[in-house]
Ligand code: HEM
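Taking the form predicted alone, here's one chain by itself in structure tokens.
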């Protein structure tokens, strides 16, 4: 530690900060590019440039400490999420094989058709909840079908995913209460047999790769676990936030409605404004200098995506939602070898919902949203859509 070390007593996992991180994260970002959080014994990276550099430096900032508690880091050992090259490279190839642009091309028609039906049904009601009636529907259907999940398990997935995200944070009360549900997901994915998944699905293909020896067979369940835990919650949150931001900024909604080619740029802006995860863990493998501060070897690091995405050193007027900004370099999907493997699918789903919504709605208003408190993911619990005028 050096004389220039900046410290803070802020607890980034406190309820009031999880509900609204803006003030606290702005304070940390303006204090220094790296701040030691006394409450959690964590070093927080707060600014865009330093976060991007750390995400690209897996040799110094290891993903073997992606969670903020030792129990989960041990459970995740050897998975794509919590490994570094060369093992990560091998596992990532299997994970992303069915998520390449070429692989997703044929899926686009199905996604567009389902998105249009879901939006049409919600709009026909006049008032609806943008979370439960809209944002949850498409990712839930698409991801479970892709993996090949069948039967009553489908009804449990959302609860399982939220619990798994809670366990990536510190072992606070919220995480402890999530153990039973997260344990159900772990037990199901690690005890499953590949032939229980639908034939032709990604899930079945992963188990086939294990049988061929392309990946260690014992890791097939780990990969399925990651698909289910991370493949829906973040996309659901992003779609809901897109509707919220359009509702709060009707002039920006009008721009996208008038020019649908802005949809990809608008979604990038949604992801910049509201990162899917407010923080993710890393561990230093040596003494690492960030700015004027040395983070000691073996330290737990928190990458503050929300803070970095709103850094005025990188984005002009960062707290404004501007659909023409097109921040393709936002941090929400990560960067480097651990960049989100499922981002192509997330974009297809979100673009399809936004396109259908803009086509079927002339104007709308939103009520007061509620926030679901989670140690890792940032998502809305509800978002009433009112005073809707259909196109």
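Bear in mind that the values here come from a model prediction, so they are computed numbers and not experimental data. Residue numbers count along the first chain shown, from 1.
Not on display, but discussed next: the form predicted in complex with this ligand.
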If the cut-off is 4.5 angstroms on heavy atoms, which of these, 37, 337, 361, 366, is the one near this ligand in the predicted bound form? 337
Answer with one of 244, 310, 278, 88: the residue that has a non-hydrogen atom within 4.5 Å of this ligand in the predicted bound form. 88
Is there a heavy atom of residue 272 no more than 4.5 Å from a heavy atom of this ligand in the predicted bound form? no
Tell me, yes or no, whether residue 92 is in contact with this ligand in the predicted bound form, where a contact means a heavy atom of each within 4.5 Å. yes
Classify residue 333 as contacting or not contacting this ligand in the predicted bound form by the rule of any non-hydrogen atom within 4.5 angstroms, answering yes or no. yes
Heavy atoms within 4.5 Å of this ligand in the predicted bound form: does residue 342 have any? yes
Sort through 179 to 187, 279 to 287, 110 to 118, 149 to 157 and report the only stretch with a non-hydrogen atom within 4.5 Å of this ligand in the predicted bound form. 279 to 287
In sequence order, the residues of 202 to 226 that place a heavy atom within 4.5 Å of this ligand in the predicted bound form are 226
